[in-house]
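One chain comes next, on its own, written out as structure tokens in the form predicted alone.
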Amino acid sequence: MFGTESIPFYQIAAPILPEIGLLILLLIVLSADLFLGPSRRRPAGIIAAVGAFIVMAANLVVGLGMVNNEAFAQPVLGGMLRYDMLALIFRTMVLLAGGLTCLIALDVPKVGQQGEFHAIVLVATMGMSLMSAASDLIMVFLALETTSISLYVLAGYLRDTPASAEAGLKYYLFGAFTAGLFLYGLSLLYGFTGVTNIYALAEPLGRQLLDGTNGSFALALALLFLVAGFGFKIAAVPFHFWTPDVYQGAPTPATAFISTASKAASFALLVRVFGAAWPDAVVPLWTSILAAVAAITMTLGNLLALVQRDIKRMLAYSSVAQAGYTLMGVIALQSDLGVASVAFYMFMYVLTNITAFTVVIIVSSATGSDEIKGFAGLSRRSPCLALGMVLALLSLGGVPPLAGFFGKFFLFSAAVEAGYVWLAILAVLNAIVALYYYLTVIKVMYVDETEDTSPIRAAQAPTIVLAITGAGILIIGTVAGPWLAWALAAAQNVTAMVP
């Protein structure tokens, strides 16, 4: 792509447009933070949020305009990135999550007025954008670590708060350990093949297996190390231990960002690596491993969520369970529906979880507690907030006609199509269990009484966020066809080999 032939500039810039835009936006935010006084730094957050939405819109317009261009679905930057529909969809998710996070953080004490908080969110978003398009093992690790280091800082951002400091430290320690395992797995793959491009790994790996020169044990070890690295990022059992403490201790806007954008980008990378890098002979091995991980993850996540009394810890274990559901789509990557169901579900999940955590921020600020009992009487104190939480919880529970229903339907269908009927049945049973603790929160909001009956009023920024995400949950749920078609378009070139 970077040869001597004349190449239009837009074809060079388009694949890295989000990174260029985020870098410019980062410099603007840091400059605003530098020159504005401590009490006047709110505009830095507004600039970060609006700028992220502008970058998202520009990326969509340019990307959709290039779908039929010969430069689309091709390697760029020497094969480090692949500019395709999968990257376009997941970049849209992480940019949307980054912009919404900056908005909901505006009125949070010790966070909203800090320009560096929004700057770190932008750096993390840049790393996640690179994760969504990475097609080389070197870029995979660089993007993962750019994202991870930023998220460690966000989790421990409130240095004077013991819970936040503990969250940052635990997140860092778990992350450093799994990053070492993940890097060793990548090094084994390079040792087997001598190449680092994801789309060039399958052929030499298959040849090695046929020749029997290196044995299958070392390859299985590399696979397990990669599963460990991805398992940490998506909060899958048994690499989920950091999740409840980090979700509870981190500033709630950071929790919302970690639970949505990070998970979405990680699944984008997981889909790309497992969809293209492994030869057919290894597919039964990694699908069996991921099926077992999915079953344990969704079951343990839901069972532990049942006994939680803190809303953020409950949502943390719910997030673990959601990772288990989404892994069913990864298992079915050999079909277009498998890839599409992951993309659809992650888009729904980003909107739904940000809705839930936005309500948590507002209610916790009014009550001074993250306890579920603090939501008592919310339907009378703020009917709109209660409705927003109902939409989020019922969508997570898979109740029609909300987005979560179709998301789960597509995932379960993909699992059945892939031959994992037992896993789909287990997922349905788990969804029923999950409904219990979601409905418990709804019962507290609408039935339980509270001594404090004063109205809870939301600031303008979180109100805008709730309007955007709530409308998204309803629209995707009631008109699912176009969104699924978009996701299916991403699936059609994920596993295709790059010439």
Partner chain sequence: MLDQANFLVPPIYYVALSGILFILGMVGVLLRRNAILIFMSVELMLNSANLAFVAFARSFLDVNGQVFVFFVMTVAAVEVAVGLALIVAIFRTRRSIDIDELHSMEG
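Values in this document were obtained by computation on a predicted structure and should not be read as measured data. Residue numbers count along the first chain shown, from 1.
There is another form of this protein, the form predicted together with the partner chain, and it is not shown here; the text below is about that form.
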Contact residue in the predicted bound form, from Val283, Val416, Leu181, Ile296 (heavy atom within 4.5 Å of the partner chain)
Leu181
Within 4.5 Å, heavy atoms only, which of Ile289, Leu77, Leu429, Ala165 is in contact with the partner chain in the predicted bound form?
Ala165
Heavy atom contact within 4.5 Å of the partner chain in the predicted bound form, the stretch among 396-404, 233-241, 137-145, 104-112
137-145
In the predicted bound form, do Ile442, Ile475 and Pro482 all put a heavy atom within 4.5 Å of the partner chain?
no
Is there a heavy atom of Arg159 no more than 4.5 Å from a heavy atom of the partner chain in the predicted bound form?
yes
Do Leu96 and the partner chain share at least one heavy atom pair within 4.5 Å in the predicted bound form?
no
Answer with yes or no whether Asp245 is in contact with the partner chain in the predicted bound form, where contact means some heavy atom within 4.5 Å.
yes
Is Arg313 part of the interface with the partner chain in the predicted bound form - any heavy atom within 4.5 Å?
yes
